[in-house]
Every structure is written in C-alpha cells, then in structure tokens.
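We begin with a single chain expressed as structure tokens, specifically the form predicted on its own.
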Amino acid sequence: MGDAGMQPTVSTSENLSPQDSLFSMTDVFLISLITGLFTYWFFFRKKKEEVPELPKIQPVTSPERDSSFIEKMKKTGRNIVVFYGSQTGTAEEFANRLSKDAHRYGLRGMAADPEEYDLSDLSRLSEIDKSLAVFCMATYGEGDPTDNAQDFYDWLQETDADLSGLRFAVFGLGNKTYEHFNAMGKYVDKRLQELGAQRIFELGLGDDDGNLEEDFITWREQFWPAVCEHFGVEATGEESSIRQYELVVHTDMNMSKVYTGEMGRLKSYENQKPPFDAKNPFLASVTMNRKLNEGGERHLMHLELDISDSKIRYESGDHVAVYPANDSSLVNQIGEILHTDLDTIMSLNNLDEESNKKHPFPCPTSYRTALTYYLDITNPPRTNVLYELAQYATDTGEQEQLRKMASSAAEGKALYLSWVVEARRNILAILQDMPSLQPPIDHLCELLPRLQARYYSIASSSKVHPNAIHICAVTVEYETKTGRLNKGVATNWLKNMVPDENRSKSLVPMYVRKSQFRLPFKPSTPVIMIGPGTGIAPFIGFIQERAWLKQQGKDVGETVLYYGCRHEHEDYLYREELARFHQDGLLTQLNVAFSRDQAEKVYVQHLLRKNKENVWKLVNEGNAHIYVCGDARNMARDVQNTFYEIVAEFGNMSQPQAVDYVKKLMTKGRYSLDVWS
C-alpha cells in the first residue's frame, strides 16, 4: 500500500539516476536561497532610499490654516472684518468701502467672502483687541441667502456655538417689492444675538426699490460714531483717497499670458473643461435668434444656445446666467475722453500682499478688455466713486459738485439722486458733462464695479431639448432726462448674436443656476401658471415637459396658463406654439389678457377673478401648484392680492385668514415666485 502510494512520484523520475535527483534538489535549494537574499536586499535597499524623502512629505500632512480669518487678521494687524453675502457685487462693494473706512479711526479692516473662511472662528474674534465683525448681507430670490453665503447660513442654523465675545453689526440689502424683504440680513442679525453676540449698532435695511446707496450712506454715517463710542476711538482726520491697487504696465508681455475676457482660468475659452460655473462659464453657440413680436417699438427675442458636449444639465424652471460685453462704442468714447491707448497691457496689483483678492479683475489684460468684459460702465456710479474722482477735476465748480454729491449732507444726497440716479448718468455721461474731469484710467478701472452676469428664466425643457437652452428676452432701451439713449448691456448684446456657419462670432459665456421654481413631483398634480410678457419663459419649458410626460404615458393633471401682453397682433409671444399645445389638449386652459386692445386695461389678475370659481376648485380640491413669473413691483403683488380675494370668498375666510392660507401654500411649495423688479 505504501509502495502503491509512491507510484506516481517514481514513475515521473524513473529515467533519472540517484545522483541526478540529488543534484536537482541541491540546485533548487541554492536558487531559493539566492532568491531570498535578493528579496531581502531589495526591500532593505528601498527603505534606505525612502528615508531622506520623508521630511518633504511632512508639510503636506499639517498645512497652514488658510481658512482661518482669525489667523489672517492677527498676521496682518486687522481688527475689523466685513463679511459680504453678494449675488450681484453690491454687497461686496459696500464691504470694501466699510473696510477702507476703518483707517480713519485708527483701525484696520478687511473685506471677506464667507465662502472662503471657516465662520465657526467667529467665537475666537475676541482674541483680537477692539475687534468687530460686520455683515453686509444681500437677500436673493424669495428670502434666500446668496450663493456665497449659503454655507454661512447653514452653519448659523445648525450651530450652538457660544458667541458671547463677538461684537457685530449687520447691513442688509433687499428690495421691498419682494415678499421676504431683507430676510437674510434680518436672520443674521437675530441669530447672532441669539448665540450671545453683542450688537453694537442697529440693523441697517437697504431697499434697492428705493435708493440703496442713500440707505447705505445714512446707516454708515451713524455706524462709525457708534463704533468710536464703543471702542473709545476718534476719527484721525478727513477722508482721504487711498489706492488699493498699483498699476504695472507691461511693455513686453507674451500675449499668451494676457486675459482676453475669461472669468477665471487663463485661456479657459480656448480650452474648455467642465464643470462649468460662474468662474468657468461655457461658451455656447447661438443656433437661433428670432424676433418674437410682430410690431411695436420693443424688440422681443427667442434665442437658442447649443450646450452639446458641455455636460451641462438643467431642469425646467432653472436660470441661465449670461456674461455680456459692453458696447464697443462706449468703450472707445471713454478711451478718447481720457486720451488713453486702450490696447495697453497692464495689471492692477493689490497693495495688500496678504489679500486673497490679488486683482480687481483678471490680470494682466488690456484697458479695452477690462472696460468691455470686466467693468460696469453703464450703471450710474455710486457716491464713493464720485468722491475718489473729484480730485481729478481741475474746475473748482465741478470738483465741489462731485464732493457734494458724495457727502452725507441732505443737499448732497438730493443732488446725487437727481443728477446721477434719476438722470441715469453713467460714467461716460459724467465724463462728458464734466470736461475738466480727467482721472487716470487705471484709477477709474479700480473704482468701477465688476460687470455682472445677467440671469434669464430658461424657456425650454431638458426632456425635450437636452442639448439646448432657450432664452426669451426683451431689449432694454430708453431715453434719459439728459436726452441720451441708454441701452441694456446684455439684451442689446444678445440681440446682435446672429448665428453664422462657423459660429465663431456668436458665442455666449454662460452657466446654469439651479432654482426652486419646480414642477410638482407628481405629474397628475394640476398647475396654474401666471406669466405676462417675458414672464412666460419658464412656462414654455413647463408646458413642453408636461407634454413630454403625457407622451410617455403618464397621467398629467390640468395645465392652466394665464398670459398677458399689450396687443394681440403685436407682442403675443409664442402665439403659434401655445395655440398648438392648446389644440392638442396639452394646455388645458389658455387665458390671455391683452391689456391695451380696449379702452379699459385688462391684466392677468382680471382673468383670474373672472375664472375665480375654477381657480378655487383647482387649488382647494385639486391641490394645484401656483406659479407666478414676471414683474415683482406690480403684477406679482396684484396677483397675490387676487388670490387673497378668491380664497376669502370661496373658503369663507376673513382677510387675515386668507392671507395666512396663501402664505402656507408658499411654505409648502405650492405657490412659487420667479420675479424681478
């Protein structure tokens, strides 16, 4: 049995002699020994080589706390930090002005983007002597924080931090035509106090529907005396012009290193890389640009942007942000008045080397590029710009007028309101009307605010148009009190975007901003859409999507539209498309108000009243979702008041109860607004 068990081994080596077998085993042993020694040597050698490299790796494991504004303030000797929640740049501008003010009182300030710092460090601000946190907070949309303040808002909601050592003040930027006026400013002010922080000056509430600049100046002129009293300091003297940036002219610059309009990364327009956002917009080709209205003085247009290969995704109700360019004739006129070679390549470098903001706009670049793509040259300049410019007026009368308009005196405020704001004088008009005013163009570029993206409600559904985004817009054009013709920057720029074969001249820098303006989760839920004028834009997307869902076999609820325009045969937008949707039963009701086709004006709210019983049935029994898009100042308010009336009448409620009912619809997401003023 034992022999039998060895048979396979014997048979495989039956041709070998005993000497041969012994040699093979020795050979195997030697080879194993050599292999083991080599392996040991190899790993031993590897370890010895890696030892000197360890110190190089160590710094990566313990990086400096770049997100700590406290460490930065200590390092740079600052004691006032001004955080800004800004969507259009105004709050950031106010924050910069307040931080610059601080030097007048022997203090040092810095403006800070809350998105770049860890705001939980607010509890440590008391480590710095005479420290103060100021918050310039804009409210966006329906009481929401701005994009850059979202994380701060979330932190405030969740934290139970002890902020008892924090001294603070808040200035809010809002618009009274909106339902939730200055909601963000009010919330930050209230929440900081709840967490134990000490308010050293009352909450400021700026109203952009009135005169936001005057609101800010009025608050600011009372804020600083309160700071002085609290810290026991005094103003060191008169306001003085302090440059924040220094000019560097490049005479021999490699043009491949010069910005030509990019928002972030150099050459990002030549070498496009997703994801696309505010700092990295996608260059979309305009594939269609057609006039929507049949007559009248206005120009209403429908544009289609090609987003193929961009990986951009959007939902019906989202907004598309567009970066426009200023009119080249305005840019050229500024260059001529200031006797400047606009093609000079330059950089404006921050004199504060510790600042996160190295330049006011992408540099190096040319003056022409800066004035075309980066700077706002069409809006009336704010008072701080006038104050800084005054020193360059050689005529004493013009200099005094500029200083007076920049002052906090009642007479100066009234003059600024009438001569600049109401007359809609932009920087070019001011230079033209004050011939002795000759500021250096680099200082002017430092003072002018950034040109902001313009937002449009997307007029398409990604279910139907996955590779395109549609825009519906009206060109802005009006005559000012001085007889000048002012044109809207973006709409007139878009108007001239004519599709061409190579598409090189019709590229639009854009990105998508998500919205809360959403169709109901269940397609069977009825929807009531109210959108006169270009307010119809998101509803074109909504109707397209509901039609697509129906084609997919889904049970789609009633789709009701209330639309309004001036004249049936003049500015009835998307007339053919809406008629086709209605005829096919995809649009259950098409109610159109032509406001000026009869002696008595008829608006969408009148049609709502006319159909009030049906409206109430849809809302009360059908749990319909209500959507309002368009003008916030009049239309949205009038429509909301109409719903109060309908609810009070058919719900047998008092006026306060009806108001509460509609407010609850808003809270539940059943009454949504996408409005502008």
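Counting begins at 1, following the sequence as shown. All figures in this text were calculated on a predicted structure; none of them were measured in a lab.
Another form, the form predicted in complex with a small molecule, is not on view; read the next lines as being about it.
Within this chain, Asn634 lines the site of the small molecule in the model of the complex, having a heavy atom no more than 4.5 Å away. In the model of the complex, no heavy atom of Ala406 sits within 4.5 Å of the small molecule. Not displayed here, the small molecule is approached by Val474 to within 4.5 Å at the level of heavy atoms in the model of the complex. When the small molecule is considered in the model of the complex, Tyr153 lies well away from it, no heavy atom lying within 4.5 Å. A heavy atom within 4.5 Å of the small molecule in the model of the complex is found for one listed residue only; from Phe201, Tyr603, Tyr387, Trp419, this is Tyr603. Checking Arg575, His443, Arg518, Arg566 against the small molecule in the model of the complex, a heavy atom within 4.5 Å turns up for just one residue: Arg566. With the partner omitted here, the stretch from 526 to 534, 224 to 232, 118 to 126, 256 to 264 that lies within 4.5 Å of the small molecule by heavy atoms in the model of the complex is 526 to 534.
Taking the partner from elsewhere, no residue among Glu71, Asp113 and Tyr245 has a non-hydrogen atom within 4.5 angstroms of the small molecule in the model of the complex.
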